[in-house]
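Okay, here we've got a single chain as structure tokens, the form predicted alone, with questions on binding and movement later.
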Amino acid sequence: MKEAQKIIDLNQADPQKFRSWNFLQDFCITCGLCASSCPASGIDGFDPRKVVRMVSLGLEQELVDSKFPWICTMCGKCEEVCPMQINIPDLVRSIRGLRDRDKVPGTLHKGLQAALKTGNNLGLPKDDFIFILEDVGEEIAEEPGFEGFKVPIDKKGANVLTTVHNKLVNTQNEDLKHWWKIFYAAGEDWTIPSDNWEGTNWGYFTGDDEAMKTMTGRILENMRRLEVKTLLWPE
């Protein structure tokens, strides 16, 4: 049996601390189904049951200082199998929101700051973004059956507006081609905004409600500005 890494003084517990959180954390029966389904279970001692129990005991500072909430992928498998229907991903997100913003793990904090400032998590200038899209579009147009293909950027009145995941314009340009080809073959009327195009809302993933609302609001504004009926949000 492994020796406990840290002993928590239960005299410091405050079971009433998070009673207002509507995630049913007090219903946990520690059955282990969440841990069995979790792809991150075991990493640095991570176990969803530990997080739920810490919330139930009101151990706020231990939760804020813990790496556990940042190991979680928020994939939702735990919630899917939980017999008590505990919403563990949203519980984790609320814990993340307790941490000071400048102490949020580096990549997430820097990416969110870049997104709020520039409209995308990479801080990619608009001209560079358009160049990448058009370059990929030209490669598609060289393939048989896609002659004349062009990427519709800022097309007003299109049926579908789609956001873009930052990695698709950073390291995985080829993945853009697959769904663009589907649009073309289906005759879909679609467009991509040149500003605030980011589909990855790190405000959501870091527990920052205000930042999440800001990024979501920008997408909504793009739909209004371009008079688009339908949103395709791949992230």
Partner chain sequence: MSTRSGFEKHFPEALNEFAFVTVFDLMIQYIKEGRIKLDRTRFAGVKATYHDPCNYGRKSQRLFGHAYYEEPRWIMDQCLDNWVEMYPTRENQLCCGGGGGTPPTGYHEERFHYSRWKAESIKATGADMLVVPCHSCHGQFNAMKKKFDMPGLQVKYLWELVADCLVV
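Whichever C-alpha set is largest while still superposing within 1.5 Å between the two forms counts as the rigid core. If you're wondering where the values come from, they're calculated on a predicted model, not measured in any experiment. Numbering follows the first chain given and starts at 1.
One more form of this protein exists, namely the form predicted in complex with its partner chain; it is left out here, but the text below deals with it.
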| query | finding |
| --- | --- |
| Interface stretch in the predicted complex with its partner chain - options 112-120, 83-91, 149-157, 129-137, non-hydrogen atom within 4.5 Å | 83-91 |
| Any non-hydrogen atom of D209 within 4.5 angstroms of its partner chain in the predicted complex | yes |
| C38, heavy atom within 4.5 angstroms of its partner chain in the predicted complex | yes |
| Close approach of G106 to its partner chain in the predicted complex, 4.5 Å, heavy atom | yes |
| Close approach of W202 to its partner chain in the predicted complex, 4.5 Å, heavy atom | yes |
| Residues from 178-212 in contact with its partner chain (non-hydrogen atom within 4.5 Å) in the predicted complex | H178, W179, K181, I182, F183, A185, A186, G187, E188, G199, N201, W202, Y204, F205, D209, M212 |
| Large Cα move at G42 between the shown form and the other one, threshold 2 Å, rigid core | yes |
| C-alpha of Q85 off by 2 Å or more between the shown form and the other one on rigid core | yes |
| Residue shift check between the shown form and the other one, rigid core fit, G76 Cα at least 2 Å | yes |
